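Quick setup: one chain, the form predicted on its own, written in structure tokens, and binding and motion questions come after.
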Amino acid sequence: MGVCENLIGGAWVGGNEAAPNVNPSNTDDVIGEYTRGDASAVDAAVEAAQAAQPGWALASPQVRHDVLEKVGADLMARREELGQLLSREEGKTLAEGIGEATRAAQIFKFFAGETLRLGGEAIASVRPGIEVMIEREPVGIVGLITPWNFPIAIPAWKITPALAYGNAVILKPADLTPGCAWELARSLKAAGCPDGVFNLVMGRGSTVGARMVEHPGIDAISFTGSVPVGRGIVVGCATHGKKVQTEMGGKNPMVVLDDADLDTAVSVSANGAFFSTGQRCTASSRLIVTEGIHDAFVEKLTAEAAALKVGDALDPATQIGPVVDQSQLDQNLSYVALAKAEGCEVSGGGRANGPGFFQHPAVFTGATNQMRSSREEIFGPCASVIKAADYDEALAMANDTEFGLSSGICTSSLKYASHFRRHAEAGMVMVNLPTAGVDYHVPFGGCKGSSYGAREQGAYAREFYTTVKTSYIAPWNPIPASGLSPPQRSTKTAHLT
């Protein structure tokens, strides 16, 4: 297989350099070579998008529906093939990889339907005889910058509403995981997406992403990734007058109360903290446990974490795949060392044997909510267990963070579940469920430092990918010169003859 190239204006276009896509389970396995674009590739993609977007915006909703539906059907038919690719390039277990590919297909099919459901409003004016219409129109050219941890689902949930609502797209996937994005581009082209409506520009964020933010021809940017980069993008978009949406991670709490079912609490916590190798912005990285259940919870969770099988993502017996690359592994191990230095008792967390970037899950017990290891996003299979005296203290600790993406509670009490749902400072709240794991047809996003701008996914995605136009329509008969009101109709009864 040759170099996988960028898709610009309907043509596959090479660049000045290419980079290998390496399997984190086995660094000897090179998936392929992928072009790295530069600022000039972004410029070319913008030019192509500007030429194509007006026609796409005015096309029948059926046209947009058919393209998205075809892609959804293609992804669903190839979900096992795509899931294997995803597991090879990102490191999720094969079951998770296939599940994510299936989710991408479902997202395309959902937004195929949304193309036919975008409505408007007709409102009576306060002025007699005037009609008011409120309609949604596409933003224009949308730049999408996506992360490596969900290399097919997150591009899908950004691409699909952008296209469904009539925008043209320029996608920059993560430099670490370009393979799934390239497959999406190939599927869109095969489905008949018009040339220039969807463009793929792979490459480094420092060149491709930076040019997208500053380019005057791009009207909006949607970003998912790290806090420092996201905040820089918000400032850059404000400077250049662009609409912007960012999702920047979390330090998500899972509160476990004395009345919780122990097995459920441990299962939910382990899933949220360790599965997908903890590389989820919704991961349960703070486990806040009340005193009565704390010791039993720690004993059972520690045993469960130690029993999880770490290994090659393609091995059906593997439960925890590799960390995405050496840099991420080094960062994770530095936090394990930090937790020890801060006074935590650390169970697990060391590097596992193998030809890839493997790490055993880590449990930090004796943690406090003020430790750096309890406040900073690690993005690995590490969880701090923090003891709380009671529900009130647990809730206060849960909310004591700069983030606000997802928050969870395990309890058998309807009173506490209802109170927590109302008072948790997060965009998403889970009761007796992992903090990670959401449906594709409902809004996704958080508050505080986790998110900026409109929500993603579901029908709420229209808030970012469309703009609102209000039209006033006067009757054909002229308004009197005074402009005060149109001619009044006769109050006499009309007679038909």
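The model shown is predicted, which means the values in this text are computed figures rather than measured ones. Numbering starts at 1 and follows the sequence shown.
Not pictured, yet referred to below: the form predicted together with 2-aminohexanedioic acid.
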- Message: Check T282 for me: does it contact 2-aminohexanedioic acid in the model of the complex (non-hydrogen atoms, 4.5 angstroms)?
- Response: yes
- Query: For F108, is any heavy atom within 4.5 Å of 2-aminohexanedioic acid in the model of the complex, or not?
  - Reply: no
- Task: Determine whether any heavy atom of W157 comes within 4.5 Å of a heavy atom of 2-aminohexanedioic acid in the model of the complex, and answer yes or no.
- Result: yes
- Query: Is G437 a contact residue for 2-aminohexanedioic acid in the model of the complex, using a 4.5 Å heavy atom cut-off?
  - Reply: yes
- Item | Contact residue in the model of the complex, chosen from F357, F275, F150, Y416 - any heavy atom within 4.5 Å of 2-aminohexanedioic acid | F150
- Which pick from S373, T411, T401, T224 sits with a heavy atom within 4.5 Å of 2-aminohexanedioic acid in the model of the complex? T224
- Query: Going by heavy atoms within 4.5 Å, which of 437 to 445, 465 to 473, 42 to 50, 64 to 72 lines up against 2-aminohexanedioic acid in the model of the complex?
  - Reply: 437 to 445
